[in-house]
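Read the single chain below, which is given as structure tokens and is the form predicted alone.
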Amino acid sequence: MRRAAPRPRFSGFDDPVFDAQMTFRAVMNATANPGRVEELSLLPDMPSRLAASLAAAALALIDHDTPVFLDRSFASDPDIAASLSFHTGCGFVEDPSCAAFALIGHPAECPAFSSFAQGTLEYPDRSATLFLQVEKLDNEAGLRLRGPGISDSRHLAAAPLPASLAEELAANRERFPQGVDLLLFNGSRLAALPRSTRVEG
């Protein structure tokens, strides 16, 4: 007799299909409007060290074909890898350059953006998306953003971030159409910094 699969410690989305679709739409809205903070209302049951919005985006975007990199902060909690693996079927990699998604719990210690997959000129979509979990995220004074999806400029305040963020983002934009995309998460909120966005200050 085949044994039933073990019940997961964390149940994920209440409605996996509907909740994933709504989360995906919020991520796409954030990406189309760089720096604009989006609020998620459908939040999954996942390990508490993951911001609820980050957990939701991970469940919506990651699948069995997307290798995932966890920084030391997230990798130190076995529940995170176990829950992501159970609900998405993903595998994990230790080399950032091999990851399609990178989950970063300590953005101040994030590896250089250039160490992640950059895509190619023929296939720029084969680059990594970085999930940065921050303690502050709002549209108050902070980074000044310009570029596609922003009518004039937009402000985004987020912390903590890498000390060299301005230089990292400038170099990342210079690699366009290659380069990584960033998603920032705090509580139930998220914001996007696509590679096409120009950051001032």
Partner chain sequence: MSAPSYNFAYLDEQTKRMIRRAILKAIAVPGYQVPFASREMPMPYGWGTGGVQITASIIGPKDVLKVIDQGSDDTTNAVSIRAFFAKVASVAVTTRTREADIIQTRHRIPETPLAEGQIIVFQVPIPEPLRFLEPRETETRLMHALEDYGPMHIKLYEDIARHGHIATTYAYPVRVAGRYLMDPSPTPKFDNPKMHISPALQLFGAGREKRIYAIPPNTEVVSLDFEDHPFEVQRFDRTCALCGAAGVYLDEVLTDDKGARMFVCSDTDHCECRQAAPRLAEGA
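Residue numbers count along the first chain shown, from 1. On a predicted model such as this, the values are computed, not experimentally measured, just so you know.
Although it is not shown, the form predicted together with the partner chain is what the next lines describe.
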Checklist entry - Looking in the predicted bound form, is the partner chain within 4.5 Å of a heavy atom from each of 17, 28 and 148? => result yes
Checklist entry - residue 66 near the partner chain in the predicted bound form, any heavy atom under 4.5 Å? => result yes
Next on the checklist: Can you tell me whether residue 158 touches the partner chain? I mean in the predicted bound form, with a 4.5 angstroms heavy atom cut-off.
Outcome noted: no
Item to check | Contact flag, residue 21 vs the partner chain in the predicted bound form, heavy atom cut 4.5 Å | outcome: yes
Item to check | Proximity of residue 187 to the partner chain in the predicted bound form, heavy atoms at 4.5 Å | outcome: no
Checklist entry - If you check 37, 134, 62, 70 against the partner chain in the predicted bound form, which one has a heavy atom within 4.5 Å? => result 62
Checklist entry - Of the options 153, 48, 33, 164, which one has a non-hydrogen atom that comes within 4.5 Å of the partner chain in the predicted bound form? => result 33
Next on the checklist: Looking at heavy atoms inside 4.5 Å, which stretch does the partner chain contact in the predicted bound form, given the options 103-111, 126-134, 70-78, 90-98?
Outcome noted: 126-134
Checklist entry - Going by heavy atoms, what in 167-194 lies within 4.5 angstroms of the partner chain in the predicted bound form? => result 176, 177, 181, 194
